[in-house]
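The form predicted alone is given below as one chain in structure tokens.
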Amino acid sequence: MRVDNTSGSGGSAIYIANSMIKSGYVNTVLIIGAEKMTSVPSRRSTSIIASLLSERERKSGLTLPSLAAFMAKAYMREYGVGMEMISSVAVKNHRNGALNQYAHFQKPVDLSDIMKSKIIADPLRLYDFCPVSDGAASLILTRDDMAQSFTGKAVKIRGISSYSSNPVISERKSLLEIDCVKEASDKVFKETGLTRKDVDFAEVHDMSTILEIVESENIGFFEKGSGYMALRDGITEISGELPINPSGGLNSKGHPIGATGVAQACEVYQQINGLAGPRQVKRHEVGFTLNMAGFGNNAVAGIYEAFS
């Protein structure tokens, strides 16, 4: 079965496979996420990805990078935040990616380097965006009673939820409110009976640096306008109270579109089993993933825990 939900394809595949297993329709599913993006010029790949926008907005020249720029400006204006604070997401995630042997970029960057890099969509610069990546990831989902026959280090999907929003950006009430992220997150916490404080670490969809901050607020980890404070205070660092994107995130690990959601789950598997090496988080019993399609067209939120 091919699952095509743009940048949310991997998370959607996990959601569908989990539903098939829970329904009793199948016992075991192999999920493979893969994408080869470097075979076409960046301008062409940007155009292809922009095709998920509404026709009217696409014809006006909107792209996902330009939408991220509008979001960054809105956030800066609303909360009085400087661009240096937003770009600090890239500093953190490239530092994390330098510890990840599977990351596209495995080298730390300084804030000064970021602020001197080329402007892609004002005020966002080169390092504020994920790279154009090739990549693949895979995992096996199976029934609980069969898990131990595959591995002694199984991880359980405690809950997973999907939600779709209005794809027409101009009809949304605010660029800073991503309804699908909020609703998918609310649904999965209600489904599992857990709270945000039960989450030990998270992998979220940081196609751009501003998205990590805004998504963390829409998920409910932080109050509106305080996501950047959590970053500033070290809360989202690997050693912090709530590490976000210990893998390096899309910003450093890379964003091969069809593989991204699957790769997030793979990172959660490694973290929960204590296999993440130098990027291992301290508390790792409960992991959270947020895989987003388009620019808030759809989101899949998952909560994972050690299998017992």
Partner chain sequence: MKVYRCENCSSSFLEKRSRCYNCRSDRLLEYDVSSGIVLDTVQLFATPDNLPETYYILRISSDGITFFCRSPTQIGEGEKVSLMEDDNSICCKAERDQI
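Quick caveat: nothing in here was measured; it's all calculated off a predicted structure. Positions refer to the first chain, counted from 1.
In what follows, reference is made to the form predicted in complex with the partner chain, a form of this protein that is not presented.
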- Query: Is every one of Lys118, Val168 and Leu175 within 4.5 Å of the partner chain in the predicted bound form, counting heavy atoms?
  - Reply: yes
- With the cut-off set at 4.5 Å between non-hydrogen atoms, does Lys73 touch the partner chain in the predicted bound form? yes
- Message: Under a 4.5 Å heavy atom criterion, is Leu67 part of the interface with the partner chain in the predicted bound form?
- Response: yes
- Message: Even though the partner isn't displayed, in the predicted bound form is Thr38 close enough to the partner chain, meaning a heavy atom within 4.5 Å?
- Response: no
- Query: Do Arg44 and the partner chain share at least one heavy atom pair within 4.5 Å in the predicted bound form?
  - Reply: yes
- Note on the structure: As a check of understanding, the residue in Leu62, Leu52, Ile31, Cys266 with any heavy atom within 4.5 Å of the partner chain in the predicted bound form should be identified as Leu62
- Message: Counting any heavy atom within 4.5 Å as contact, can you tell me which stretch out of 135-143, 181-189, 118-126, 97-105 lines the partner chain in the predicted bound form?
- Response: 118-126
